[in-house]
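This document opens with one chain alone, in structure tokens, the form predicted on its own.
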Amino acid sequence: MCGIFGCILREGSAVKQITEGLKRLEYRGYDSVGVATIDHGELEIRKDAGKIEDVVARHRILDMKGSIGIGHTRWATHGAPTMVNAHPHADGSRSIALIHNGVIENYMELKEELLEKGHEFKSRTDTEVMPHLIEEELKTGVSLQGAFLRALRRVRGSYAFVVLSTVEPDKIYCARNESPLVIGVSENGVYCASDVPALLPYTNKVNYLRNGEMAVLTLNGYQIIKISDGSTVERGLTDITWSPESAEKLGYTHYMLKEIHEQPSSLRDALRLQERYLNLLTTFLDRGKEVFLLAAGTSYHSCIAGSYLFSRLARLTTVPIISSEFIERYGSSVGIDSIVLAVSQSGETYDTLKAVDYARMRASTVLGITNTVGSTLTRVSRAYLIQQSGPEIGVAATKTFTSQVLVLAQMALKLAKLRGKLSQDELDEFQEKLLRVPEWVEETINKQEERVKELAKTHMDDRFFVFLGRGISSATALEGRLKLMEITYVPSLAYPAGESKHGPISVVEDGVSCIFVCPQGDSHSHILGSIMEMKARGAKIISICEEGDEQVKKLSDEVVEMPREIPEELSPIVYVVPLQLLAYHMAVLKGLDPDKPRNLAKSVTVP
């Protein structure tokens, strides 16, 4: 969730690139900012709570000298968002500056030990123990590399550490365990960052640091070392195909709107899965006696849609489960015959990786769907697919949901063919529909965005929303409600429509807006009855339905009409788009920033 950027440059100001890199990591969420540089052997640290531009101006950070430095945006996990708790943190001699993403689980134990040895602490963070621990190890006469390794072997928890020190003023040390960290190399220097978009203006050649590894960065390159035994790791660079511009707004007011409009392109890319990996994953799924679809947030809603797809197309029963609930609910029963398909945009979601590690310890087969090559999920999975969405900066995921559902649909279709559950004609027809999905999404954006803007203006002051769908559309309803709640903060519910009589209908009255997801298909006749029930209780009815659906139009106060011939099984990918746009435009009308919803961050990489 926090942001890290560090660099060693041949030419130019380190602090300029650091602040620019941190700006490109704002989507991760933060409450304070700090930078450390070394110039002529002198370490300088400037930091404070607040936005990057405010802290940079207030503390004249751009005046800091030196061609080597590190910077950090902090999301508080220990200690309030204050100047003293902001990173970087220093040791007692102020020869070491350290930044950290993650959580040190045994920091109290280490802090007590260091206090007994005379160390003084200034913050209330878990992070501050680490520079003091390195300082203590240096007293034994070992090198900075040796002291860092010894300190790393003592800490427990999740971390991405980056260290700058006057002991070796021409090097940056970094290490990773469960929190992402990427190294980049260019002709002008060497970099490290929490995520690739921060590096793209400077280089597209990267190396993803892996769990249990540290790295030494110098102007001549980098060396990767295993923390456990100090051995050297040889691993080449990966070329990133994203352009720097693809991580920028490209003229859109917000990243979220840009990414909604990018979905036709991202979906076309999601249709370009490598056939052999698609075959491999579906073969594993076919062998499992039980299959769990494991995810959090938006990815969990993708898994709900995926469970319908596997059932309808391949006749495979799957269990979608929220990552944080997996161990408690199914931990005692999973084993060698279990398949766990983990879905995570970043491939670094803490709860998902924790559940995956547990399943692996029980000899279950782990498969993955992610958007990030080289992420932890790709390394711990027996096989994986990349959803190929490109960088997603907006906190409220859009491309993530649609691309993941499309990948799951392709897997379900491939599995249906493998198991002989559909005729060749049915397979060909569904494949043809799959290929039309990007076109339908593009048509929806082009034809319906102005209509959705009108709805947002009409309903921006509504106090409560209920989202309802039947069958696979219940996943669409859940995701639409999540988008609205995430960025407008308007209270809302989402339920399968058939469940409304078991409680949710009690809150429906005059002034409540009910949004129905109504594609054509087996569930269509049932959704009509649910609309009538809500309308009879005074709700305002907004329906997302197929163009020309007169039955739904007659029962609704307002409709958004979707392209014809979309199969119900693929409807979530297209029908969610008006709900994304509704949430976005309502947030903007309310004067809110949809890219930075309060209390949320893009990548949840800590417990």
Ligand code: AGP
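One rule holds for the numbers: they count along the sequence shown, beginning at 1. Remember, it's a predicted structure, so these values are computed and weren't measured experimentally.
Form predicted together with the named molecule: not shown, discussed below.
Asker: Going by heavy atoms within 4.5 Å, which of 378 to 386, 294 to 302, 445 to 453, 99 to 107 lines up against the named molecule in the predicted bound form?
Answerer: So the stretch in question is 294 to 302.
Asker: Contact between residue 473 and the named molecule in the predicted bound form at 4.5 Å, heavy atoms?
Answerer: No, no contact at 4.5 Å.
Asker: I'd like to know whether residue 482 contacts the named molecule in the predicted bound form, with contact meaning heavy atoms within 4.5 angstroms.
Answerer: Residue 482: contacts the named molecule in the predicted bound form.
Asker: Looking in the predicted bound form, any heavy atom of residue 396 within 4.5 Å of the named molecule?
Answerer: It does: once the named molecule is placed as it appears in the predicted bound form, residue 396 has a heavy atom within 4.5 Å of it.
Asker: How about residue 346: is it within 4.5 Å of the named molecule in the predicted bound form, going by heavy atoms?
Answerer: Residue-level check for residue 346: yes, a contact with the named molecule.
Asker: Identify which of 135, 128, 262, 486 has a heavy atom within 4.5 Å of the named molecule in the predicted bound form; exactly one of them does.
Answerer: None of the others qualify; the residue that does is 486.
Asker: Only counting heavy atoms and a 4.5 Å limit, does any residue of 39 to 57 reach the named molecule in the predicted bound form, and if so which ones?
Answerer: Not one residue comes within 4.5 Å of the partner.
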